[in-house]
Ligand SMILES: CC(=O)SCCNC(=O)CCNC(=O)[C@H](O)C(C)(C)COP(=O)(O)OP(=O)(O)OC[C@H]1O[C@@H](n2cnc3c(N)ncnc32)[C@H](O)[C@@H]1OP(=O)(O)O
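One chain follows as structure tokens, the form predicted alone.
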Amino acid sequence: MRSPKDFFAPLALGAPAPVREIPVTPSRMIHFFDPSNEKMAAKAPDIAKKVDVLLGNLEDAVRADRKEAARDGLVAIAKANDFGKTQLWTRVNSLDSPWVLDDLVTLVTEIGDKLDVIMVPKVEGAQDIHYVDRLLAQLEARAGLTKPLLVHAILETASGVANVEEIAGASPRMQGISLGPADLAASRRMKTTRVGGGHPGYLVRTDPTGEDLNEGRTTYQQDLWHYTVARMVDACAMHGILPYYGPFGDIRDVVACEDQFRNAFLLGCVGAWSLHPVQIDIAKKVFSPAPSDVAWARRVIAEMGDGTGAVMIDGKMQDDASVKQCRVVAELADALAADDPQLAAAYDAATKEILG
């Protein structure tokens, strides 16, 4: 274990100093695209204008014979475009693959100044982050980078979930963690073939209403991922990094996708993956607080004054804990509204209506 006094020391001579606080910028959706797919690559600059994060995917969904093409395609796209405030991320291949070393060497030395975050799949424990941490420092020094690259882990193995707290605190580079439900389901031997979302067989049932055990009983589908998401959120909050829901694989079922994203938002996630353009607006809607919620939060903050004591507002008691909850909503709204005039107008209109 590294000494706390050395935690923020560069891990290679000439590497930039690690960040001491993870920048919290809008990242409601991490939009995946395959840089080896010419049609997707051509659309990337336009898609970038609509999303908070654009991610060039090199791992799953990219065939083995297209790995190099995806890597080269991402380099070309990054060099040819300025994405403005949209963050550019990549998901490299897993650490046990034959491609990951070339992924890291090529991307950091070629476009390290354009990349914000490197997503690492199938992280098992802190040791995986330590390996990537040291290697990135060496490559940053070689490339002469002045800003350290951040690391995002995907939680998609049973070992990763068991070690999620140590993963979250393994390096100053840790930006966040995403749930990877498909690989995690396989790792746990779960009996579902869905990519995210609930399962009709995972349910609770009301008691019988009479002698017939099938009469009058209602079932409710449960969330397979509630425990894991909640544990991930706690680990991220403890270490000052950001939690994300991962993919929702049924592109056609936009209703269930919105429900799953909202569950994650309410539990504390800041965003989710979008695998298709139709999911971009869903994520934007869900991970932006509703105008009515923002207006209520601002009202509570205003009426609580210095934030101490307690007041009654519309028959509901509000105290210092309430103010803390409301500040979470109001501060997120302010951050999002700063770059979205339409959202800012909606928030201001709702606030004027409730405050008068």
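Start at 1 and count along the sequence shown; that's the residue number. What you see is a predicted model; the values in this text were computed from it and never measured.
This protein has a second form, the form predicted together with this ligand, left out of what is shown; the following refers to that one.
Remark: residue 275 counts among the residues lining this ligand in the predicted complex, judged by a heavy atom distance of 4.5 Å or less. Taking the partner from elsewhere, residue 139 is found to have every heavy atom lying beyond 4.5 Å of this ligand in the predicted complex.
In the predicted complex, this ligand stays beyond 4.5 Å of every heavy atom belonging to residue 287. Within 4.5 Å of some heavy atom of this ligand in the predicted complex lies at least one heavy atom of residue 31. Heavy atoms within 4.5 Å of this ligand in the predicted complex belong, among the stretches 31-39, 322-330, 291-299, 63-71, to residues of 31-39.
When you look in the predicted complex, the only residue of 256, 88, 182, 111 with a non-hydrogen atom within 4.5 Å of this ligand is 182. Only one of 271, 160, 176, 247 lies close to this ligand in the predicted complex, with a heavy atom inside 4.5 Å, and it is 247. Contact check at 4.5 Å (heavy atoms) against this ligand in the predicted complex: none of 129, 226 and 230 pass.
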